[in-house]
Each structure stands twice: as C-alpha cells, then as structure tokens.
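Just one chain follows, in the form predicted alone, and it is written as structure tokens.
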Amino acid sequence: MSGDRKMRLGAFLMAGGHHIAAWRHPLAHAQAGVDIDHFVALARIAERGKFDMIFVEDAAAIRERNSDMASQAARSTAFEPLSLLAALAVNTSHIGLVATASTTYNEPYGLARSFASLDQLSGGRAGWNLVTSASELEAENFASSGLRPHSERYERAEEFADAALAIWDGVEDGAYLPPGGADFTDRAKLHPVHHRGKHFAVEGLLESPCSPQGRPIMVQAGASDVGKELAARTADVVFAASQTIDEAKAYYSDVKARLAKYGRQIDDIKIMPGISPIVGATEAEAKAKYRALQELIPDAVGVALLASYLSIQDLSSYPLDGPLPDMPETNLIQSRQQLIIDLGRRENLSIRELARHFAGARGHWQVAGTPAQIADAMEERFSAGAADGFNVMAPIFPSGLEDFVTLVVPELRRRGLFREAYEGRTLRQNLGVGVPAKR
C-alpha cells in the first residue's frame, strides 16, 4: 500500500449509542433519538476530528414488533434522516452527510430531488446510502408494495439507481445564469430524463443546479452477490461488516475485482467496514467498559435482536446455552444471517453468548483496548488490503465518539494514517473519489 494513502473515517450516528443497552448506561443520553442538540454536538465532534462523513441509517418503521422487547431498547424514536441531515448541514461546514433511503418505498424523482437539495444546502456534502429494505415491519407500513423477494428488491434497486443518476446528470454545470446575462438558463446544458422501465417512469428535469460535487456520493452496503454487483457499478463508498481480517480481505478483493467490467478503477470505491471501538487508558479499563455495557443487556432483548437479524420470529424455544440451530434460508438480510451463523460456528458460541456478542454492534467488528491497540488493529486491516477506512460505531454517545476523536485520531495521525486537515470542501473531494462520467 502507498505510504501516502490515508484512511477515510465515517461516524455512524445512532441515538444514544450502537450498543443495544447503551441507553441504560449512566454516560449515555437516553432521550437522544429526537434531541437535535445532541446530534449537532455529535456532528461537531466528528467534524473536529476531521471525519469524512457522518452516516445515518433508516427504516421507515419501529424496530421491534414485540412491545415487551421494544420497551427495553431505545430504538423506537428517531428522526427521519434527510430532515436530520438538513439541520446538521447548517451547523457544520466540511463534514459529509450521508443518509439511508430505500429504493423499495420511494420513487426515483422524489428521492433524487431530496438529495439534490441536501447537496445544495450543504455545499456539496450529501451522500445517499442506497438500501432495498428487508424489514417486514417496514413493509407493513407500505401495504401497496409489501415485502418483495430479495431478487425483486435488487432488480428494482438497479433500475432506481439508474433513474436517479440520470436525473442528477440531467443538469450540467453552468446550466443556470450562463455568462452574458441575457438568459437565466443555458438550454443546451439541460437534458430532461426520459426513463421508462419495468418499475418506474420518469419524464422530467431536476429543478436544481448541478451538484457542487458533480453528483451526490453513492453509498451501498450490500454483501450478497447482487448487492456487491450493484455496489461495483454505482457506489462511491461501500459500508461493510466483517468479523475477521480474512473475511474483510476477501470482501474487499471481491468488490474491487468487479470494478473493471464497469470501466472503473480500484480507487473509485472506498470500502469502509464498521468498527465499534471501546477506548480505555489501559487495556484493563477498556475491557471493564465493555463488560459494564454487556452486563446491561437483558437476555430476552439480546436474543430478540439476534432473532431479528437471523430473520426468524423466535429463538426462545431453543436452549439459551445450546448452539444455534440450523437456520432456513431467508428472503430478508441474507448476508447478515450468514455472518451470524459463521460467527457462532467459528467461535463455538451458545445462543446466549452469540446474542450478547451481537448486541454490541449488530455483527460489526468490536475492538476494546488502548488508543494504540485500536490504531494497531485498524492499521493492520488498512495495510493488508481489507479496508480503505472505517465507519466508526461508538457504543455510547457522546462519550464513545469523543474518546475516539480525542485519543485514537491523534494516534492515527502520529502514524501518518489520517488527515490533519480537510483537503477540500465537498464530500467527494475529501473522500478522494472522482466525478463519474455523465450518463
């Protein structure tokens, strides 16, 4: 790897923290989900650390059907991501703003328009995390659509992405207020979209200037074969989940190898796996912090969360201290189901142990240690061709993010792995990904 190569860092924001029991911790802000001051403070911490972007997930539904379980996890209140990021745009100046939005429950024109507006509001810092939505609870809020099969969701996502990109590319740079002052628009630089496909029809022109960064950043997190193919064709950033360095390297190589068929270079995509760091002044302190969080997890909550990601209704009929039973193939989140099965078998974990491990970061990599130990772990994956950077998932907010920015970021800089200052004003400039050719 090049000695000049720098890590990219995202701050994945989630109310009081990514740990399922974070809201119970005395350092967490239990009402964080709908506290705009809390999110502004988090965005400013991340921007002070010179992170590339903040990342907000979404599902247009509550997260837990069982009211007894829902009452024990702070996952029932949240801002709609684009609205939240519009507010954060005016409270920050450099950091990128990435929101999750579904291709199953939106239409291309409306969503492209919303992200174009966020991009203009922020001066070219918007990004769209494209998801196909695999939640039955989410599907029940859109009865006319329902939960589509995995293959159909991705077929629709492929067409959705093409239509949205065409809408963004329909307005060239300099289309409005051209030199001379005689006209407001240069009609030669406007290219109305004429899209008629299996799922969508779009006949129109975006009522927005060209993006300050050429086009909003596209993010994808698919780990299935069709998901990786969509990412290779359309994404600028890939958010991945890998437990081991070998898994991370295999995923990284697989996605990068797919780029050539689309005329893309390996640096056209930044692969940023999730990491949940628990930072301590000593290793013992970090592990004590982790244990304190783990002790806050009610078994019923951990097992219910595990069951939801395994895409089954209930695990309670199986012995908690026994192994995970064989799972039927799911139509929902296939890659995450396989990650859990592999983790349980590789480490010989019982259902209880697997649930408690999974509750920390929902299958993402967790590292507890000193700033140097966490930097060591990140550097190993970055240097080994397993990551271009990381999406940092603090177990508790704000203290977990503050610890990372204050203690780990300086260690990464001391090693020459992370920026001292922003290189540009747009998200695309700071990520170091070029503007794709217009369609």
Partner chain sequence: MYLGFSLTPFGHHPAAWRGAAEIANLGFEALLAQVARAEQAGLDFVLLSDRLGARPVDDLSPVATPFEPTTLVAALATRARRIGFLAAAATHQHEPYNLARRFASLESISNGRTGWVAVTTGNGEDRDREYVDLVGALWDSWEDDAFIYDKEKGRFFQPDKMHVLNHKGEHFSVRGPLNVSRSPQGKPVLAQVLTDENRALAAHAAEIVFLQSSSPTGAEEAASDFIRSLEAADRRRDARILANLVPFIAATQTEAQALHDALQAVEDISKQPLSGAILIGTPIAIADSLQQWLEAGQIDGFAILPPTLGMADLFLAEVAPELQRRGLIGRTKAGSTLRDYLNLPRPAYPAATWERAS
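Everything numeric in this text was worked out from a predicted model, so none of it was measured. Numbering follows the first chain given and starts at 1.
Beyond what is shown, the protein has a form predicted in complex with its partner chain; the following relates to that form.
Contact annotation: of the candidates 367, 163, 73, 354, the single residue with a non-hydrogen atom within 4.5 angstroms of its partner chain in the model of the complex is 73. Just one of 425, 24, 415, 419 comes within 4.5 Å of its partner chain in the model of the complex, counting any heavy atom, and that one is 24.
Contact with its partner chain in the model of the complex, defined as a heavy atom within 4.5 Å, is made by all three of 83, 91 and 183. Although the partner is absent here, residue 187 sits close enough that one of its heavy atoms falls within 4.5 Å of its partner chain in the model of the complex. By the criterion of a heavy atom within 4.5 Å, residue 149 is excluded from the residues contacting its partner chain in the model of the complex. Among residues of the shown chain, residue 208 is one whose heavy atoms approach its partner chain to within 4.5 Å in the model of the complex. Proximity of residue 372 to its partner chain in the model of the complex falls outside the 4.5 Å heavy atom cutoff.
Screening 250-258, 359-367, 105-113, 222-230 for residues having heavy atoms within 4.5 Å of its partner chain in the model of the complex returns a single hit, 105-113.
Residues 58, 59, 60, 61, 62 are the members of 46-63 with a non-hydrogen atom no more than 4.5 angstroms from its partner chain in the model of the complex.
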